[in-house]
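Form predicted alone, single chain, as structure tokens, below.
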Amino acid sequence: MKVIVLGAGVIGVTSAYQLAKAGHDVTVVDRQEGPALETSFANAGEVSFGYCSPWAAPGIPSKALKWLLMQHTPLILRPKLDRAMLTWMLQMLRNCTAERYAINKSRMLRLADYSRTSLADVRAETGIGYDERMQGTLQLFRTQQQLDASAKDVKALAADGVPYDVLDRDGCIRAEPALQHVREKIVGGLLTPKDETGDCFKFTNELAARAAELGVRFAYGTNIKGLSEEGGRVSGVATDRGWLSADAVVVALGSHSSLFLKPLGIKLPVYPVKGYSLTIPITDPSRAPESTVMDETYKIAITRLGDRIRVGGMAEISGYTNDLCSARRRTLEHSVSDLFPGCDLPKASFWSGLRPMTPDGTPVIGPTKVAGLFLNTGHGTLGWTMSCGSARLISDLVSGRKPEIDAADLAIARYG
């Protein structure tokens, strides 16, 4: 089939690669001049198959009120007269129950575990390198209350067979030796040893080159104007460079997917939640992380990428704005310098991106009411983590094959 993939981030490129492997004629369309130049460009670097939870969780509404009053808050809310923002926030609040949290986390872990094996297969097939490490994620607790609250995550990990270790202070230092310099600031941690790290931008560019070798065409610098359908079936894509016919279209436009689908009457509950990152040269490796440390207090991930540290986090609900706020930079600098002072902060590069979040935390993967139109979007903070598994799923669904894992509850139909 002739398949068009809309979006050349990590989700779009992995989808194109798997579709090409399945024998399809694939074209990727993106407004940028190359792959992974938006949300996939400088994300936190985590490939978190175990540290994988919905933001909508019991207790989050009360925590959110406390966070909004913190100096270095992990949550920033800039209210707007935006119906989509209000609707999305209300839907998220409805998912903050124990029952829905358990359902949503189970879905996410299922997809993440599938993605773990899928990423390993891609590495074996292609041999690509992307500053990858396989040394786990350490969720770091500064207070006993945080350590006690991790019990619900431990329960979910155990139920889904995901390996984990609950660590005391000394255990955290064994996992991340640089923490010995700040041992008095931590009480314990939760280690998910199967987690990985890597540069998403490098990975996506390397895989795009391999996809091109398989025959995938990349239409960069091309603005997408809309979709066309005939008799309830998608027939192609209109761009500022002309018309592209298709038998199937995969929408992988991240936060912009919902705006793109609106003219077709498809209500996709994906809204942008802005995140920030710093990329910092390492000056003292003995005071830098070995893998990823998740600072639970500030909800910030500190990740080793070769000779750099990537510091990423925060959730800013402010619509489709991509400005760089100095207060957010100070929060990132505070977290990393407090735990790992072995980096050159003055030389850090500062970045922000719009994460495509669903109210239940689970991405939307599968068909729509328009025949031939498929979605692979809404991965939130876990696009890099879930990319390879999501790509395999969408390739199977487009090809009419039965996926290797249950995908029915990942489609947009779950929202009614």
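Keep in mind the model is a prediction, meaning the values are calculated, not measured. We number the residues from 1 along the sequence you see.
What comes next is about the form predicted in complex with a small molecule, which is not displayed.
The shortest heavy atom separation between Phe350 and the small molecule in the predicted bound form exceeds 4.5 Å. Although the partner is absent here, Gly389 sits far enough away that none of its heavy atoms falls within 4.5 Å of the small molecule in the predicted bound form. Although the partner is absent here, Thr222 is a contact residue: one of its heavy atoms lies within 4.5 angstroms of the small molecule in the predicted bound form. At least one heavy atom of Val10 is located within 4.5 Å of the small molecule in the predicted bound form. Checking Gly50, Gly383, Pro54, Gly372 for any heavy atom within 4.5 Å of the small molecule in the predicted bound form turns up a single hit: Gly383. You can rule out all but one of 252 to 260, 111 to 119, 143 to 151, 279 to 287: in the predicted bound form, only 252 to 260 has residues with a heavy atom within 4.5 Å of the small molecule.
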